[in-house]
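What follows are C-alpha cells for two forms of the same protein chain, given separately as structure 1 and structure 2.
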Structure 1
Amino acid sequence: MSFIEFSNVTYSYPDTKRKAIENIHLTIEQGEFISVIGHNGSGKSTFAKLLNGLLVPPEGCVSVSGISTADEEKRLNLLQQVGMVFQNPDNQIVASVVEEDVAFGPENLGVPPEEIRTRVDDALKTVGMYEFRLKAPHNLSGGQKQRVAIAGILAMQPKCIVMDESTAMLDPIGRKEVMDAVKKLNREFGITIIYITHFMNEAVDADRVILLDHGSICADGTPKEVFADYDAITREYGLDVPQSYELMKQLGVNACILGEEECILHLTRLLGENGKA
C-alpha cells in the first residue's frame, strides 16, 4: 500500500459538463517531494483538494494511509495528515497573534495545552518564525505569513503538506524563504511535499514532476524526464522552461539543463578555451 493512492479518479464540478479531473491513476510514497505544473484550468487545484478530502470523487477512490477520503468518520484524521497552504497569505490567518494562529489547528484536534505549547514553539522554530511568535500577523511580509501558515500545519504533525501556488504572491526573497522551509520539512522530517506552482524554476527543484493538462496526467517523472520534450512543454501545455534550458535550446545544444549551476558547468565544457581572453 502506498501513502497516497488515486485509482481511476474523475471529478466534475456541479453544473459543469467538463471534467476537472479525468481518470487519474497515481501513487505517492511517504517522503516524496513532488511539484505539480499545468496551465490555469488544467486541474491542479482540484487535484490538491482531492488529496485531503476537501473534494471527494464521485468516481474512483483517493486513499491516504489506506483510508478512503470518502470515509466521513475519518475526515478529521485526514485533515490532520494532509495540510494545505493556499495562494493568498492574507486569507488563511485566523488569530491576531502569530503563536495563537499556529495553535489553532492542534487546539481543534484536542491536543492537551502543555503539548500545544511545545508543538507551537517547535513549529515556529522549524520555519524560522519563533522570534515573531508574539507579533501581529498583519505586520509580517507575505513570505513570513506563508511560513506561519506552514507552522500552523506543522503543529498538527502532518504526513503531507500541499502547497497550492503558495508563492505566487511573494517577492523573490519570500519565495526562497518558503521553498527553503518546505525543503527542510521534507529532508529532516520526511514530510511529503506536493508543490503546485507556475514558476518552472521552482518546479524543477522537486524530485518528481507531475504535469496536468485538461484534468489528466500528461507526464510524471523526474524533472529532466518531464521537461525533455521542449516543444510539448512550451507549445502544447502552455508552460515555459527555465532560462538555462531555453538558452541550450536556442544554442542548438541538445541537453535538458534545468539549473543555473549545471548550465555554467556545461557551457564551460562546451566553450573550452574559446572566448577566454
Structure 2
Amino acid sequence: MSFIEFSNVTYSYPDTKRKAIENIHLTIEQGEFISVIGHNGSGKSTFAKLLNGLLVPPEGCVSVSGISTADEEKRLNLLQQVGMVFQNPDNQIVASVVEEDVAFGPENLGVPPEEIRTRVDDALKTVGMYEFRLKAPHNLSGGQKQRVAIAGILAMQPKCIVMDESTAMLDPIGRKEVMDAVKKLNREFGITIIYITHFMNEAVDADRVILLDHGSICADGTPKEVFADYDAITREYGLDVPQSYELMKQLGVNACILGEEECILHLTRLLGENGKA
C-alpha cells in the first residue's frame, strides 16, 4: 500500500460545472519530494486541498496511510499525517510570540505541555528559527515567517507537508530560506514533501515533478523527463522552463540542463572548447 493514493478522483466546485480535477490516478510513497507545476487554473491548489481532506472528492477516493479523507471519524488522525503551508504566512500565524505560535498546533492535539516544549524547540531548530523564538512574528521577514509556519506544522509531527505556492509572496532570499528548510526536512527526516510552485527553478530540486493541465496529469517523472520537451512545456502548457535550461537553449545547446551546477559545468566546457578553437 502506498502512502498516498488517488483513485479515479474527480472534483468540481459547486458554483461551476468545470472539473478542477478529473480522473486522477496517482500514488505517492513515503519520503518522496514531489513538485507540482501547472499554469493558473490547472488544478494545483485543488489537488493540494484534496491531500488532507480540506476538500473531499464526490467521485473517487483519496487515502493517506490507508485512511480515506472522507472518513470523518479519522479526521484528526488525517490532519496529523498531512500538514499544509499556504501562500501567505500571515494567514497561518495566530500568536504574538514565535514559540507560542509553533505550540498552537500540538496544544490543539492535546499533547502534554512538557512534550510541547520539546517539539517547539526541536521544530524551530530544524528550520533555523530557534534564536527568534521570543520574537514577535510581525517583525520577521517573509521568509522567516514562512519558516515559522513550517515549524508550526512540524511540531505536529506529520509524515507529509504540502507547500501550496508557499514562496509566491517571497523575495529570492526568502524563497531560498524556505527551500533549504524543506529540503532538510525531506532529506534528513524523511518527511514527504508535496511542493506546489510556479517557480520552475524550485521544481527542479524535487525528485519527481507532476505537471497538471486542466485538472489532469499530463506528465509525471523526474525533472529531466518532464522538462525534456521544451516546446510542449513552453507552448502547449504555457509554462517557463528553469533559467539554466533557457540560457543553454539561447546558446544553441540542445540538452535539458537543469540546475546551476550542471549549467556551470556545460558553460565551462563550452568556453574551454571555444578557447581551443
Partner chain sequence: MALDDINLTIRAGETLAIIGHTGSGKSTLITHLNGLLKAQSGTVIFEGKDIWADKKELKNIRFKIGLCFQYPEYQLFEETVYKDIAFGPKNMGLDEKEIDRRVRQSLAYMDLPESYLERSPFDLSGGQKRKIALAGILAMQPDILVLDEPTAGLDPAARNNLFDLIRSYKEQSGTTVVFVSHSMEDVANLADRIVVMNKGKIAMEGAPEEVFQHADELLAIGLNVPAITKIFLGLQKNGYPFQTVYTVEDAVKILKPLIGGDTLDA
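In this text, all values refer to a predicted model and were calculated from it rather than measured experimentally. When a residue number appears, read it as a position in the sequence of structure 1, where counting begins at 1. The term rigid core refers to the maximal set of C-alpha atoms that superpose within 1.5 Å between the two forms.
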property	result
Chain form predicted on its own, by structure number	2
Core-aligned C-alpha movement of residue 267 between the two structures reaching 2 Å	yes
